[in-house]
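Single chain ahead, written as structure tokens, the form predicted on its own.
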């Protein structure tokens, strides 16, 4: 089977973090989220050992409680960002992040990818393999959402209160919350291509410092 490269490349080029353009008033069906999780579960994982779990939060009271913890951890981040050199890109990102933080309790659903075990004290190679068995699935989940007109945003600020969130949701303390993804239908007309530096400028050939653009 041949793929339509124009279509698959467009999906990859336009799957991005959605904050301000997330429809807070339109519910995302659980069946759709489960369908995307089912797709995500096919992503590569070490030894094909399925130790990933997912938790969907769409209860209003739970979302409010999690949002309050999220905002508590977000404020130091925003305060720190005020000391950084300002430019158009950073200001837009901070403004967008603030918006999401302020409206976190309104998002249609929060999806938390989980991984069995904790990695404290593990050798770096084991940690890399551990995360490498869960993060590809999260990205597949975001792309599956994107192809259905649903935006998502990778966030981790709630992890400063991981234990409290775990208590709210009954997550065992032996399980790691990898991230939290607010999800909601996209309100824009289209997903634009993300701007990044060319591959030749960020890729080295054979040795560090030997840029592909100089080869």
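Residue numbers count along the first chain shown, from 1. Model, not experiment: these values are computed from the prediction. Under this definition, the rigid core comprises the largest set of C-alpha atoms superposing within 1.5 Å between the forms.
FYI, the form predicted together with a small molecule isn't displayed, but the following is about it.
The closest non-hydrogen atom of residue 156 lies within 4.5 Å of the small molecule in the predicted bound form. Interface residue remark: residue 16 is counted as part of the site for the small molecule in the predicted bound form, having a heavy atom within 4.5 Å. Taking the partner from the other structure, the small molecule in the predicted bound form has no heavy atom within 4.5 Å of any heavy atom of residue 114. Under a 4.5 angstroms non-hydrogen atom cutoff, the small molecule in the predicted bound form has residue 194 among its neighbouring residues. Only one of 109, 144, 100, 134 lies close to the small molecule in the predicted bound form, with a heavy atom inside 4.5 Å, and it is 100.
With the small molecule omitted here, the record of contacts in the predicted bound form names 148 to 156 of 51 to 59, 29 to 37, 148 to 156, 161 to 169, defined by a heavy atom within 4.5 Å. Superposition of the core reveals a Cα shift of less than 2 Å for residue 14 between this form and the one not shown.
The Cα position of residue 25 differs by less than 2 Å between this form and the one not shown after fitting on the rigid core.
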